[in-house]
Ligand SMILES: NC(=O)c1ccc[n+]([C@@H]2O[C@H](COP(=O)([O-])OP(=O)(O)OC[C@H]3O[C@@H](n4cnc5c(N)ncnc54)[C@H](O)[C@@H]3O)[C@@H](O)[C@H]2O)c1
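Single chain ahead, written as structure tokens, the form predicted alone.
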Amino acid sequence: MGSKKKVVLVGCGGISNAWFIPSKEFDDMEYVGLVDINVKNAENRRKEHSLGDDVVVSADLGDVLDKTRPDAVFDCTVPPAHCEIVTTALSKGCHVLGEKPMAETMEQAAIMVKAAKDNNRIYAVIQNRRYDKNIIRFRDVVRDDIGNLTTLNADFYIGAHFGGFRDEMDHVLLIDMAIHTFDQARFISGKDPVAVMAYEWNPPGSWYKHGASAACIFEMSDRAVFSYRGSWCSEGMNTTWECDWRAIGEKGSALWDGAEKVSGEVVVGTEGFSREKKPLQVGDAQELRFKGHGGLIRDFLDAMDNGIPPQTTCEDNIKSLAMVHSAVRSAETGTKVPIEY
């Protein structure tokens, strides 16, 4: 491990605790500045997490960067602010790790990717579901045990009563939540998106203004197909937040309930209407030292030392973002949309 890295965190709302708490485990980093448009939020976080009076607090990111000269910026702001925050930090020579989604538009995302390249800095995006021991176990079964993957299905059904801005959003499920599932699909399958056909609706009784339910069919590389069905206004018999998954390969199928259960069957017979199958012997999940946000923060800090890119660099994560925006465009137009990034 290299020297202690100086970090400025921007956006001290509720999500920032998902960053402050796991980062306490890392003795090779320290917070030197906190930024929030409401300075009181930053002051409260400084006190809550015992960061010390020497940590600079301000509503002005540029001023804090000039005063502290940090190695990295953690962007915990709302999506409309991401492009400005990230490009400012990159231009000041900082590496950046930010909350999802990367940007509100693909045009903004392209600007951010270019800024990271031009400044020779790492910009990575939090996709915390990749750092779950059970998704890794499921991915390994899909990769190793069922043959060439042909089909991947995900079901997401949650009755989520947030209140606040989500209730008034357009395309609320696709824009605010589906990025997680779409990125999971890329992680599990190892495939890249090619095109999408999507349908979106707001069921009777929905407490959202728009788009609380959606169904999408994605063409993926190597002729694989990923299908998504989801709703944020589905009461009863809810899935986990990680979805309910089925993977179909040329030799068999595997299931993951989004929690602890991973199972599967492969074909062993060669005759008959229904060929003989045997259950897969799925091993126990390997414990992760750092999970969720903590896992990605750890990889990001290590990348600053060893140069090995974290899983979700902007160059990679833009593919998951493109799935979201292409699905929205398909739903709006009723047409199949190619996915470009």
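Since this is a predicted model, take the numbers as computed values, not measurements. Don't overthink the numbering: it's just position in the shown sequence, from 1.
Form predicted in complex with the ligand: not shown, discussed below.
- Interface residue among E99, D71, E242, D132 relative to the ligand in the predicted bound form, by the heavy atom within 4.5 Å criterion: E99.
- Though the ligand is absent from this view, in the predicted bound form it lies within 4.5 Å of a heavy atom of just one residue from H180, R139, H95, H171, which is H180.
- The candidate spot formed by I37, H82 and I85 is fully in contact with the ligand in the predicted bound form: every one of the three has a heavy atom within 4.5 Å.
- With the ligand omitted here, the record of contacts in the predicted bound form names 100-108 of 183-191, 100-108, 264-272, 220-228, defined by a heavy atom within 4.5 Å.
- Among heavy atoms of S253, none comes within 4.5 Å of the ligand in the predicted bound form.
- Not displayed here, the ligand is approached by H293 to within 4.5 Å at the level of heavy atoms in the predicted bound form.
- Among residues of the shown chain, C76 is one whose heavy atoms approach the ligand to within 4.5 Å in the predicted bound form.
- The closest non-hydrogen atom of N128 lies within 4.5 Å of the ligand in the predicted bound form.
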